[in-house]
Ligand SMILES: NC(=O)c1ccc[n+]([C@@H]2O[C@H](COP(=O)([O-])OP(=O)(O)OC[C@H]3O[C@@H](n4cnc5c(N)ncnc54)[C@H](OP(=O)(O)O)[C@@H]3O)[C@@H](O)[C@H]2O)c1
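We begin with a single chain expressed as structure tokens, specifically the form predicted on its own.
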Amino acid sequence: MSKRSIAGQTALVTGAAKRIGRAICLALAGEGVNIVVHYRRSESEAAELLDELTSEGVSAWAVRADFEKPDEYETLIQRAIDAAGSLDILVNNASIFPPDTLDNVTFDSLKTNIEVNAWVPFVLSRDFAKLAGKGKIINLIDSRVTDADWNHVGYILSKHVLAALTDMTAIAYAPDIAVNAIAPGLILPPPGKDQSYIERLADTVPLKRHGDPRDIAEAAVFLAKSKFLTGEVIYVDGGRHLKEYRNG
């Protein structure tokens, strides 16, 4: 059986300059995929990533967009195509992760979470379907969409919305576009926390360890190569979603 190749294709990865987004870019570049690096504030990190990607022998471009400004994100797909010439893969990775609980979540906070974490990925997916016409969409959700995150209420509600949109767009955009999702678990500590934060939680995972951004990147490569998957969620969480942890 011949090895499936995605070399020569072009991917737009949102929130690409750091953390999981960066790992996905490097993994795709390792497969010969050209990369459009989206960033908001991380201009220097994006520039460093461009150098690293081009050293891998692929082409790379940077595009900026603030996902709280419609005039910026509503033009992102077109600007990416203008820069790269075409798009074959869209990875909706960028998100915000503000802390809130049922006691203090506000409507404004919920709106911001839904705009950045669900609405913008949908707008980009819709524009990708219109302007690219065919290819792969990969959404980053969260393994807790099977349960709850009591300390990030607005965030997890927005990821529930994105999970539902994954199913809906998988149907609506077939057969030319496949839409799937990755649900990360314990991969990286949240901003402001150190590595010990996730190490302390490793015992909550059936495999008794936390993951690594490369685990997510490998799942993204698998979905980018797949010819017969759509509407699926890959839980990259060491089995944590299988356990009951509603109380923390």
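All residue numbers refer to positions in the sequence shown, first residue = 1. What you see is a predicted model, and the numbers here were worked out from it, not measured in a lab.
Here the subject shifts to the form predicted in complex with this ligand, a form of this protein not shown in this document.
Remark: S42 counts among the residues lining this ligand in the model of the complex, judged by a heavy atom distance of 4.5 Å or less. By the criterion of a heavy atom within 4.5 Å, D66 is counted among the residues contacting this ligand in the model of the complex. In the model of the complex, this ligand sits within 4.5 Å of a heavy atom of I96. Mapping the unseen interface onto this chain, I187 counts among the residues with a heavy atom inside 4.5 Å of this ligand in the model of the complex. Contact annotation for the candidate site: R19, V116 and L140 all lie close to this ligand in the model of the complex (heavy atom within 4.5 Å). Stretch-level contact analysis of 187-195, 50-58, 200-208, 25-33 against this ligand in the model of the complex, using heavy atoms and a 4.5 Å limit, identifies 187-195.
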